[in-house]
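Below, in structure tokens: the form predicted alone, a single chain.
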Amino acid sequence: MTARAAILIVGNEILSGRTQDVNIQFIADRLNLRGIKLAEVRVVRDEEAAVVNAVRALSETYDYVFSTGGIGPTHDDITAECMAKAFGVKLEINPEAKQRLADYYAPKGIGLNEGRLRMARIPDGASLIDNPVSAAPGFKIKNVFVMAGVPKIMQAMFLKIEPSLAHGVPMLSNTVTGALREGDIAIEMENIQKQYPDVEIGSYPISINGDPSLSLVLRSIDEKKLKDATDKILAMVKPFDADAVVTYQRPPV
């Protein structure tokens, strides 16, 4: 059975549009390589009730939840305390996390003030996630991985936890690209989708120099069904564009 996952993004700056999230694509790509299905992405404000309710719901629904943002040193970094509340445990200074911070800052001549110590607050019973970039750890509580929002740090943290995740059948992907419009093939494409329920078929129109172009993306873990569906999609597109092509995306061996 394929493991299913969700991403929880915590941060007013994402919802305000001030910061563009780039963590979703990274996590989605890495999960795809491991054969884990990303089923939901949820973005919430830096508000306790919103974070607590979201993490409880996602944790109960999915095998994995990957949370990003809100574990820094400022007053609006509330993710750690929300996680503790969501699972009914205490939030305390973790001795190992504190030592990691001390070891990181001491050579720089920087002390552990109250703000920096906030980054050592970890829910009771959680395990630490290494942060090879700036030392302040993330943590895992139940099936929830809590990581930084800064992309460079989040990516480093994710690569540390990745070996512990389930390893299923990777998703395979084919893309049929041609010069046509969605309306040209909408009904025929729907019929093909019904024939192949195990193949996800998505339509993505773009304009190239004012001319219509369409990318039809097919995804499945079943290579034979994917090939059969792709052949039918290509045959459907060819009358509109004889030069339509198929490109293949495969995970590295």
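Keep in mind the model is a prediction, meaning the values are calculated, not measured. Start at 1 with the first residue shown and count on from there.
The discussion below concerns the form predicted together with another copy of the chain, not included here.
Peer 1: Among S213, S203, Q195, T61, which has any heavy atom within 4.5 Å of another copy of the chain in the predicted bound form?
Peer 2: After the contact test, the surviving option is S203.
Peer 1: The chain here is shown without another copy of the chain. Which stretch in 138 to 146, 87 to 95, 159 to 167, 105 to 113 comes within 4.5 angstroms of it in the predicted bound form, by heavy atom distance?
Peer 2: Going by heavy atoms within 4.5 Å, the stretch is 105 to 113.
Peer 1: How about I187 - does it come within 4.5 Å of another copy of the chain in the predicted bound form, if we only consider non-hydrogen atoms?
Peer 2: Residue-level check for I187: yes, a contact with another copy of the chain.
Peer 1: Is there a non-hydrogen atom of R219 within 4.5 angstroms of a non-hydrogen atom of another copy of the chain in the predicted bound form?
Peer 2: Taking the distances in the predicted bound form, the answer for R219 is yes, it comes within 4.5 Å of another copy of the chain.
Peer 1: Within 4.5 Å, heavy atoms only: does E182 come near another copy of the chain in the predicted bound form?
Peer 2: Contact with another copy of the chain, yes.
Peer 1: Wondering, does A39 line up within 4.5 Å of another copy of the chain in the predicted bound form on heavy atoms?
Peer 2: Flag for A39 set to yes.
Peer 1: Mind checking whether each of E13, A28 and D77 has a heavy atom within 4.5 Å of another copy of the chain in the predicted bound form?
Peer 2: Spot residues vs another copy of the chain: full contact, yes.
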